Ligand SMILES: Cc1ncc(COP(=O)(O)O)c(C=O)c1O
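Form predicted on its own, single chain, as C-alpha cells, below.
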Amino acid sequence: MSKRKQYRPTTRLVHGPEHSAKWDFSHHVTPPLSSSTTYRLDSAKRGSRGFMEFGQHVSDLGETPVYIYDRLDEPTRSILEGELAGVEGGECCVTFASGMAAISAAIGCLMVPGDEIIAHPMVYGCTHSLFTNWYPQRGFKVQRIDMNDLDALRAAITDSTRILYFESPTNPTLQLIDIAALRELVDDVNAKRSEDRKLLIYIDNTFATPFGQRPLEHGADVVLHSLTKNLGGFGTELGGAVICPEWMLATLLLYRKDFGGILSSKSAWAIMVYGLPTLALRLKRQQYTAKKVAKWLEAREEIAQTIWPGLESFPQYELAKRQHRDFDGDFAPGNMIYFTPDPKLVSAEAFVNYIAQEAYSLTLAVSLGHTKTLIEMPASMTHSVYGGGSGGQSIRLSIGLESPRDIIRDLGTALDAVKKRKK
C-alpha cells in the first residue's frame, strides 16, 4: 500500500506520487516534463508488446509501461491522470485536449445510433450545441428533463436511455442536482437491465472541482472536467478529463487514439505542477471572497437576485451543505456567483460595459476558475446558443484572487455610475 494514502488530499496534490512506474521520482522534487512525440524501442518484440498492452490500467506501483507514441500514452500526461483519478476517488482517468473533447469522448465511446441521453435543460452552451446540433445527426436521441424532477425523469427513461447527463452546479445558474437521489432511481432502473446496458450517471464537476465535491461518493458513475478552469487555475492551458470506472478505460483510450484529442504533455505538466498543488489554496481564498461579494450584492437595491450556494437564501441551501464539502469536511460553496440587476434601476449591459472599460480588479472575459475575477453575460456570450441574445440580464461572476474590497469597490462604482445614467 502506498504511504501517500495516509495523507490528506491537499497534501497529496502538493507532493504527487512518492513513486511512479511511469517515471523515476527518486531524485526529482518536481516531476520532469516529457516532451517526445515518439519513443525508442529496443526491439520489434518490445514494440509489439507496447501495442498489445495499450489500453491497460497502469498504476504507480505497477510495471513500467512501454511508451511508443505520444498520442497513445506518455509519462507526464499519465501521471496527471493518476493524480486526477486519485483526488476524485475514481478508478481511472483519461485526459483530453479540452473539456468538450472529454465530454464528446465520454459519450461517444459508449453510445451507438438509437441510444439516448437524457440531459438537464441547462448545461454549458457548447454542450447544449453538441446535444442539439450534432448528436441527432449521428442517431443519438437527446431528451431534456429536470434532473430534480424524479417522477418526470423516471417516466422519460426508456430501454434506449444509456446516460443521464448534467452539471452540478449548473453553468451558469448554479442549480444543484441531488446526486444521491439520482443514484437510487438509477439503481431501480438497472435492477432490470443486463450488465452491458446499465444506465449511467455522468456529471460535469467543473464548477465545484474535486476540492468542493466528489460526485463518485454520492453515486455518480463518470465525472467530467474542463481542466482549463479551476483545476488548471491560471488561464494558460486548455484541457479536459474523464474520471471513469476501469471497464471503460480501454474503450476511452482507443477513442482518444483514433479521434486524436490528446492533452499535450506541456499542458499536462503545467496543470500537474501549478494547478493541482494550489487548488485548495486558491479555492479557499476565492470562496472567502465570494462570500463577501455575494452578501454585498444581495444587500444592494440595484440587484434583483443574487445566487451563490453559500447564501442562506440559496433555494437549495441544505443540499449544498450536504453535497459540497472540501477535503477537510468544511462547507465548500465555490467561487461562482450568478446575479441579476433590477432592470428598472440598472442596465446589465451598461453595467458590464462600464466594468470592461473602467474596472481594474474585474475583467470582461469568458471562462472561469482564473486567478483573475472574470465577468460575463451568459445569455449573449457563453450560452447564446440557447437563443437568449442580448435580452438576458443575468451576469456570471467567477471570483479570482484579488482583494474582496477591491472587487466590491469596482462593482459599486459601476453600479453607481450606471444608475445615474439610468436616471
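Position 1 is the first residue in the sequence shown; the rest follow in order. The shown structure was predicted, so the numbers you read here are calculated from the model rather than taken from an experiment.
One more form of this protein should be noted, the form predicted in complex with the ligand, which is absent from this view; the next part is about it.
Asks: Any chance Met100 has a heavy atom within 4.5 Å of the ligand in the predicted bound form?
Replies: Looking in the predicted bound form, residue contacts with the ligand include Met100, since a heavy atom lies within 4.5 Å.
Asks: Within a 4.5 Å heavy atom cut-off, is Leu238 in contact with the ligand in the predicted bound form?
Replies: Taking the distances in the predicted bound form, the answer for Leu238 is yes, it comes within 4.5 Å of the ligand.
Asks: Consider Gln213 of the chain shown here, and say whether it contacts the ligand in the predicted bound form, taking contact as heavy atoms within 4.5 Å.
Replies: It does not: once the ligand is placed as it appears in the predicted bound form, Gln213 has no heavy atom within 4.5 Å of it.
Asks: Please determine whether Ser267 contacts the ligand in the predicted bound form, using a 4.5 Å cut-off between heavy atoms.
Replies: Taking the distances in the predicted bound form, the answer for Ser267 is no, it never comes within 4.5 Å of the ligand.
Asks: Only one of Ser104, Thr209, Thr289, Thr228 comes within 4.5 Å of the ligand in the predicted bound form by heavy atoms, so just point that one out.
Replies: Spelling it out, the residue with a heavy atom inside the cut-off is Thr228.
Asks: Considering the ligand in the predicted bound form, which of Tyr124, Phe140, Tyr255, Tyr202 comes within 4.5 Å of it through any heavy atom?
Replies: Among Tyr124, Phe140, Tyr255, Tyr202, a heavy atom within 4.5 Å of the ligand in the predicted bound form occurs only for Tyr124.
Asks: Within 4.5 Å of the ligand in the predicted bound form - does that hold for a heavy atom of every one of Asp73, Ser78 and Ala250?
Replies: The answer is no: none of the three residues contacts the partner (heavy atom, 4.5 Å cut-off).
Asks: Want to guess which of 164 to 172, 338 to 346, 213 to 221, 188 to 196 is within 4.5 Å of the ligand in the predicted bound form, heavy atoms only?
Replies: Among the listed stretches, the partner-contacting one is 164 to 172.
Asks: Within 4.5 Å of the ligand in the predicted bound form, which residues of 346 to 381 have a heavy atom? Give them in sequence order, or say none.
Replies: The stretch touches the partner through Leu368 alone.
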